[in-house]
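Read the single chain below, which is given as structure tokens and is the form predicted on its own.
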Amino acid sequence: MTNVVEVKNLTHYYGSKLVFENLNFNIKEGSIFGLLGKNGTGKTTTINILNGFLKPTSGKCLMFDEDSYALTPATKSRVGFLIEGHVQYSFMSIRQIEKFYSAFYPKWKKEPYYELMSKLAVTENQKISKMSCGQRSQVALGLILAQDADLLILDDYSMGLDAGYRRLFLDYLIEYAKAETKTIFITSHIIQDLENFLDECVILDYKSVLLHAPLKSFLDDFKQFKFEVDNHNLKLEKDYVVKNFELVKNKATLYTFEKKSVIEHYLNNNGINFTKLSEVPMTLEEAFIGITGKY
């Protein structure tokens, strides 16, 4: 399958501050790819490098086989970009903004835009300034879809959206992407909506990558074990078994990619008295917190 995006050994600093080092991933044509992480881990920086707005300290990004810092107009026309915050011309109406944008895109298809607007139950003369943040986000998405771009880049799409609008956003997006064989690259720090949406993900930590895997593999392989201990000061450092560890009074939670028998052996070898060891299923949000940590 063709790679639409290739990120190779990407390293970036802001002054002396390292954002990330040797970041590598590919995005396959027709897939939905998530770049996940807490605020400040480099998600928007990666997007800015990919779009050619920022030159990396080292490494490179390719988009449709072109260096992202030297994209041709033809390649740029294949990319739809939803900027963080859903910036729009608020003095325009729904119809005016569609007409304005259509002049810039030769492949413009207005039908997806107006279909989405109909779901919002707003009129064509409705001013953007009179709409809620959630409604404005749908206008932004509709304009992106109407561009008929091959790659959709959505930077923190969820900002300012309540649960209903986030669900509408993703439901419509996945339906459109599958019907039109589009590639989607999405960043977010709100995870719970993406469990049935993403094909593959990279999870960023500060300065490093915690995980790069198909989403299903991550959810199948990453595990949460709970147990009780008699040592209320027990600490377990991260290593090849322990990816994160929490202790509240005598209740311990250990996150790992290992199976139960390995955890039992590990705890015994470290002289830890434990009882009631059990694996507890996780949602994507819980797994994300488990691998990144709560703080």
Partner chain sequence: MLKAVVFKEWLKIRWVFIGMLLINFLVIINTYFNVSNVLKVYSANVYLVKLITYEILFFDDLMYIPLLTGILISVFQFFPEINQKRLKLTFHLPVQESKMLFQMTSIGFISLLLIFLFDTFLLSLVSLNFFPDEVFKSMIITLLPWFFTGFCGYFLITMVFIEPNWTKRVVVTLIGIGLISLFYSGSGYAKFEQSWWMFMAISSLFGVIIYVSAYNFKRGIS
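Positions refer to the first chain, counted from 1. Quantities reported herein were computed from a predicted structural model and do not represent experimental measurements. Basically, rigid core = biggest C-alpha set you can superpose within 1.5 Å across the two forms.
One more form of this protein should be noted, the form predicted in complex with its partner chain, which is absent from this view; the next part is about it.
Under a 4.5 angstroms non-hydrogen atom cutoff, its partner chain in the predicted bound form has Ala103 among its neighbouring residues. Under a 4.5 angstroms non-hydrogen atom cutoff, its partner chain in the predicted bound form lacks Asn244 among its neighbouring residues. Using a 4.5 angstroms limit between non-hydrogen atoms, Ser77 touches its partner chain in the predicted bound form. The closest non-hydrogen atom of Gly164 lies beyond 4.5 Å of its partner chain in the predicted bound form. Listed residues Ser132, Ser217, Gln192, Ser90 were compared with its partner chain in the predicted bound form; Ser90 is the one with a heavy atom within 4.5 Å. Contact with its partner chain, judged by heavy atoms within 4.5 Å in the predicted bound form, is confined among 194 to 202, 67 to 75, 171 to 179, 221 to 229 to 67 to 75.
Scanning 39 to 56 for heavy atoms within 4.5 Å of its partner chain in the predicted bound form gives Asn48, Asn51, Gly52, Phe53, Leu54, Lys55 in sequence order. A movement of the C-alpha atom of Ile97 reaching 2 angstroms or beyond is seen between the shown form and the other one when the two forms are aligned on their rigid core.
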